[in-house]
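Single chain ahead, by itself, as structure tokens, in the form predicted alone.
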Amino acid sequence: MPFVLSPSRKIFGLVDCNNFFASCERVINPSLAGKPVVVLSNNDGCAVARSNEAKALGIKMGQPFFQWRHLLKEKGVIALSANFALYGDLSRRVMETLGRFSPDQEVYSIDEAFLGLETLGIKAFVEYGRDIRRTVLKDTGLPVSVGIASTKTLSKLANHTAKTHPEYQGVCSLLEEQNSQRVMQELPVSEVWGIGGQKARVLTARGIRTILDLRNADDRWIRKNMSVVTLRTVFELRGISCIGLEDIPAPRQTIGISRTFPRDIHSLEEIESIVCGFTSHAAQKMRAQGQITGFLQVFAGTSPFKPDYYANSGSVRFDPRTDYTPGLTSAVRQILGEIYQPGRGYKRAGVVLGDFSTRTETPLELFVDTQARERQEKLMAVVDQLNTKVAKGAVFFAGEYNR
């Protein structure tokens, strides 16, 4: 059945960089092309990114280095320490490029972004996706996959299909019902965005084994035995958009929050206030996951659809890692002070936290004031508790934009 765009229908494009960290290393060292490349965590303890060649050798995400060290000699695997400053810079360039394809953009993580496409008058969505791929590769040297669908959950599924099925040539559209059903019938329910291992086991026991089974499941059973969130996922699989560009679950490896502003912003103080608010929200999400961060990136830019387009970013590493909001927002102000240019009207800005670990994984620092750290942890716990139980944004720090 041919696709007909109704005026009210949402269209999302999810653009995801392929093997991002490993691909970044190939940008600065082209001799790595075609070779098995693995990027290691900050302490070189485990694999955090793998090229397709490394995946083919059986190296798993998060697998400890010592378990596959022998492959360095046996198979020529190249192991590299993570370079988050490089990844942050290339991420900024990717997001800048994607900004030229839609004014509605949401940075989901350091290597992923959702684009709103329904208002652009596009008639050939697959060709538009291919244009995105060609342009990003030309401008940054990074390969990407593009998934296009009427909901964010389906666009995630489309992106997965584009990445794992060579016949799609890196772009998959699930706007047509026939193609959508075929893909959902082939994939297990565990591949759905937001369906974890425990949920997948419950659904499988019920006989809901494929994504298509979940889409066709009984609403009353889902609501009673799973959750309203799972029911929302079911609606998304049916093409009913329930998750907007700003309503995104926090990613596991990075947390990114950005916005396109309804008006141009000309004041450094106003941008600082907004991005510090983003940072506070991202830090709360991070703490809810039991994580602390070693990397922060800030970016800001004018509208790519106006003359004299300008965008820039900066990043900082934290050693030791931290989850203390005032320390994070202090770094944000420092970075914005360096990249801000007076006289420009800024249309979008955002922050990305990454290089996560848990406190139990992080060795104690010899010269750290442990009493001060404990006070910071208690303060953050109280702030998070109030913002969770009383109201979102009930407590915030001076200088944050809070609404």
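Predicted, not measured: the structure shown is a model, and the values here were computed from it. Basically, rigid core = biggest C-alpha set you can superpose within 1.5 Å across the two forms. Residue numbers here begin at 1 and follow the sequence given.
There is also a form predicted together with the DNA; it is not shown, and the following applies to it.
- Across the options 157 to 165, 318 to 326, 179 to 187, 256 to 264, residues that bring heavy atoms within 4.5 Å of the DNA in the model of the complex belong to 256 to 264.
- Contact with the DNA in the model of the complex holds for none of Glu96, Ser173 and Gly244, as no heavy atom of theirs lies within 4.5 Å.
- With the partner omitted from this view, the residue of Gly290, Gly76, Gly141, Gly194 that lies near the DNA in the model of the complex is Gly194 [heavy atom within 4.5 Å].
- Between the DNA and the residues Glu236, Glu106, Asp111, Glu272, the one pair within 4.5 Å by heavy atoms in the model of the complex involves Asp111.
- Contact between Val229 and the DNA in the model of the complex is found at the 4.5 Å heavy atom cutoff.
- Although the partner is absent from this view, Arg50 stays clear of the DNA in the model of the complex, with no non-hydrogen atom inside 4.5 angstroms.
- Of the heavy atoms in Tyr309, none are within 4.5 Å of the DNA in the model of the complex.
- Contact annotation for Ser41: at least one heavy atom lies within 4.5 Å of the DNA in the model of the complex.
- Contacts with the DNA in the model of the complex, taken as any heavy atom within 4.5 Å, map to no residue of 15 to 39.
- With the core held fixed between the shown form and the other one, Thr302 has its Cα displaced by at least 2 Å.
- Remark: with the core as the superposition reference, the CA shift of Gln105 between the shown form and the other one stays below 2 Å.
- If you fit the rigid core between the shown form and the other one, you'll see the Cα of His266 move by 2 angstroms or more.
- Distance between the C-alpha atoms of Asn83 and Phe278: shorter by at least 3 Å in the model of the complex than in the displayed form.
- By 3 Å or more, the C-alpha separation between Phe21 and Thr279 grows in the model of the complex relative to the form shown here.
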